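Quick heads-up: it's one chain on its own, the form predicted alone, in structure tokens.
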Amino acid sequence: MTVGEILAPLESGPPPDDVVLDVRGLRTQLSTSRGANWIQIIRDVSFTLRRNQRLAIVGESGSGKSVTALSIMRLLDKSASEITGEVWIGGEDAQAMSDRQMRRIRGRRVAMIFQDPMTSLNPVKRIGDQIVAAMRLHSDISQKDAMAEALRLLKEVQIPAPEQRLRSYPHELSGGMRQRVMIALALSMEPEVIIADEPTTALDVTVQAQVMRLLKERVESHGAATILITHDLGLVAGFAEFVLVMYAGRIVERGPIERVLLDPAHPYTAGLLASLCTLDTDPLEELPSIEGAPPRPDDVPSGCSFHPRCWMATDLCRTERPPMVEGASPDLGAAECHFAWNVVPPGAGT
């Protein structure tokens, strides 16, 4: 199966059995004034995720990664958001579901690990009670059996003294342990899809590596497809099989992780990679950076949205939105750029 077949969305109708998540033409508008001044945040995002696959969505803060995940989960305030397009979860059209039906889907078929576990866990309930409540919401398991399963899950995510931690409150745990609890919660109902939204942002480098290794081991052993959302391309190198690069609410590049890291087809991806610090980086040299900042959602430039920051931009880039250009072979992926597959890194000239 080619990368094009793996990542490209299906055209119509329910997806095949091996597809656990199919997003088609997702568009999300948000409003801070309850129905006035709608701002387009997500712009025609489409991708397909199959069973057991590991996908990363990367991009700078403000690129639309988290809003994409919240739109898929339907966790945005309904009075201040408008979502169009199709989201198929395990063969079911999530956009056609009632709120009650969607609550049954969350956790059971698709689970989410949020960026800050301290704001996701209930501060006045013990860890064990929160895991038990999640399991009993979606099944008829008894209180006793659910608590035994909660203990097993804490052991599985390698939390020390798990019997004691079951009786602990969130504030009594370190940031790394709280994130492990979130992983345990996500795994508790054996979901088909796990969305991990910046799961290591608040952790130091050592704990970050431990959590990422644990997440990869656990999702592989449970057979769940996974979406890792991050701003760090280096972080996904040891985790993801495929990657989507987002900018200004759009997917600007997609492909297998090895190809994207070694041969980026879009200038934005090349800029992100050039700014990474590696073991070979000269400590006396300044790292290249992408000048400027991502555009505000209510002020996205015409043509290619990246052109004000792009060192390769021409008049064509400023006036005409580029097409998604496929690679020389289907397994290379695609990039949305007039100069796709002919990219020079920042500082190298055009």
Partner chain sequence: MSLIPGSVISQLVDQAAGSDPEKLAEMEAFLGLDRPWYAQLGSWLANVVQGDLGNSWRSRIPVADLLGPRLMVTLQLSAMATVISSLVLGIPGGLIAAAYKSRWPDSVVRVVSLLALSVPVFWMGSMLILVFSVWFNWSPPLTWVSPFEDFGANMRMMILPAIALGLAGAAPLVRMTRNSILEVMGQNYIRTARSTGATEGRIRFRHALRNAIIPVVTSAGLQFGFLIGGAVVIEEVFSLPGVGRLLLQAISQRDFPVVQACVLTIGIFLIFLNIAVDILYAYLDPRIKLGD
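These numbers come from a predicted model, not from an experiment. Numbering follows the first chain given and starts at 1.
Another form, the form predicted in complex with the partner chain, is not on view; read the next lines as being about it.
With a 4.5 Å cutoff on heavy atoms, Gly107 counts as touching the partner chain in the predicted complex. Interface residue remark: Val325 is not counted as part of the site for the partner chain in the predicted complex, having no heavy atom within 4.5 Å. Using a 4.5 Å cutoff between non-hydrogen atoms, Trp88 does not count as a contact of the partner chain in the predicted complex. The partner chain is not shown here, but in the predicted complex it comes within 4.5 Å of a heavy atom of Val124. This chain lacks the partner; the member of Leu215, Leu185, Ala196, Ala94 within 4.5 angstroms of the partner chain in the predicted complex by a non-hydrogen atom is Leu185. Only one of the listed residues (His138, Arg259, Arg250, Arg165) places a non-hydrogen atom within 4.5 angstroms of the partner chain in the predicted complex, and that residue is His138. Within 4.5 Å of the partner chain in the predicted complex, a heavy atom is found for not a single one of Thr314, Arg318 and Trp341. Checking 80 to 88, 235 to 243, 129 to 137, 216 to 224 against the partner chain in the predicted complex, the stretch whose residues place heavy atoms within 4.5 Å of it is 129 to 137.
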